[in-house]
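Next up is one chain by itself, shown in structure tokens, the form predicted alone.
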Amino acid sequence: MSAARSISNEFNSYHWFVKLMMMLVVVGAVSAIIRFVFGLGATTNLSDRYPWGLWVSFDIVTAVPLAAGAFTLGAIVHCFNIKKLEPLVRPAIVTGFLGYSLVCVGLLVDLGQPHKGWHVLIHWNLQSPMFEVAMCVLAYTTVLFIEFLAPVAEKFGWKLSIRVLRWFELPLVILAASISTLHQSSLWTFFVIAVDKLHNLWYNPLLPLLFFMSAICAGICIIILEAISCHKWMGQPNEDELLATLIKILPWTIGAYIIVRILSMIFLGGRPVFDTPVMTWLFAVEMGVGFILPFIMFSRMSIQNNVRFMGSAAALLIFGVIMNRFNVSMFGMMDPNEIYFPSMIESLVTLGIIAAHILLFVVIARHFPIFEHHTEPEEHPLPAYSRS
């Protein structure tokens, strides 16, 4: 009875939004079980014409750049030696680790024969971009897990483990940045071969470069929203000064992306682009609202002193990246005579994965020291942290 009462008290201590996330995770898990019991054909609207649906467009193609904050910030702090941004690294690593772990979950749900997913580890197809992406995602998830072990070791006072992890900190960051550079760009290589299927507004040979550049922008914006939300809803320190430093990078990265995107359309397209009203509208919303407007907002100096303005600009750019991924992987490849809509099971599984990411981050932030910074363990004893 005492254990049940303790669990009940723990559940009641959470915010209603966290309880909603718990419910969505349960619904998503049940939907995933239904998918495995009855198969893809009976539970999804996927077909031979549309073998990649919502689970690929969002759970994989979109979730990967949204988890790019870990390698982006790690490279900024450790490779470019901007140490003042270090307080933002651990939350970014947790976000990246959770994001890539759930990408793997979404991939297993989408696979027609998930029990054979491990075959990629022994049957190597060196000519396939899918093989390169699969190996890089697995390797990067492993690296993020090792980096996540640092706050776990601090939580339980494993001093030797902390020392060993700090020795490998810089090599791990460099390795993570290298692996991410490979798969963030290679993931878009899939669509370079879709010459006659992908709409002209999004098809060009520079898709891998554009994917990588936009992933950097999205990763930084996720860090901004994460820091603002943790301060507002979880009582964590105000990081506005650090975010003001981070924001100075965004006008350059977003501006470079817009220039490359426009120039590639002009000089590398070679085919009519604004030939379909619906596609033209989707492109206008993506570029205008999702990239050009945030670029203007981030270029204003006043944004550094306005948290709401800062968060709005970051949210708009994340919206633009999500629109871009859906336009390339779904909308831009649709046949007007056969439109794909995700089924209820597909939608519930995706909502469950999103809710699981949020819920796990809240739990980890509550019980592990991801917002604290510590000196070497031999100089100062590690306290027993508790977020309860």
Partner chain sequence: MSKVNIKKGNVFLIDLTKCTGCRGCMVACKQWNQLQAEETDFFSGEGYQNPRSTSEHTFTLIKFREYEKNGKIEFSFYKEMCMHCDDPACVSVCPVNAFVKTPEGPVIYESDLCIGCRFCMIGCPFNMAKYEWSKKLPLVKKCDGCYSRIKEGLEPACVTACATAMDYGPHDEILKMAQQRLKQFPDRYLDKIYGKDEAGGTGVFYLTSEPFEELGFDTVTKRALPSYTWPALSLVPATFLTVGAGLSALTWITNRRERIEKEKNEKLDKQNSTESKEEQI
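Residue numbers count along the first chain shown, from 1. Keep in mind that this is a model prediction, so the values were computed, not measured.
The form predicted in complex with its partner chain is left out here; the points below concern that form.
Asker: For the three residues Glu147, Ala256 and Met323, which mark the spot I'm curious about, does each lie within 4.5 Å of its partner chain in the predicted bound form through at least one heavy atom?
Answerer: Not a single listed residue reaches its partner chain in the predicted bound form, so no.
Asker: Just one of 213-221, 280-288, 94-102, 186-194 has heavy atoms within 4.5 Å of its partner chain in the predicted bound form; which?
Answerer: In the other structure, the partner sits against 186-194.
Asker: If you check in the predicted bound form, is Met301 within 4.5 Å of its partner chain, heavy atoms only?
Answerer: Taking the distances in the predicted bound form, the answer for Met301 is no, it never comes within 4.5 Å of its partner chain.
Asker: Does its partner chain come within 4.5 Å of any heavy atom of His123 in the predicted bound form?
Answerer: Yes, contact at 4.5 Å.
Asker: Taking heavy atoms only, is Ala153 within 4.5 angstroms of its partner chain in the predicted bound form?
Answerer: Because no heavy atom of Ala153 falls inside 4.5 Å of its partner chain in the predicted bound form, the answer is no.
Asker: Would you check, heavy atoms only and a 4.5 Å threshold, whether Gly157 touches its partner chain in the predicted bound form?
Answerer: The answer is no: Gly157 has no heavy atom within 4.5 Å of its partner chain.
Asker: What is the one choice in Gly311, Pro87, Pro129, Pro251 with a heavy atom within 4.5 Å of its partner chain in the predicted bound form?
Answerer: The residue from Gly311, Pro87, Pro129, Pro251 that makes the contact is Pro129.
Asker: So which of Thr141, Thr276, Thr181, Asn200 reaches within 4.5 angstroms of its partner chain in the predicted bound form, heavy atom to heavy atom?
Answerer: By the 4.5 Å criterion, the partner-contacting residue is Thr181.
Asker: Which residues in 43-59 have a heavy atom within 4.5 Å of its partner chain in the predicted bound form?
Answerer: Contacting residues: Leu46, Ser47, Asp48, Pro51, Trp52.
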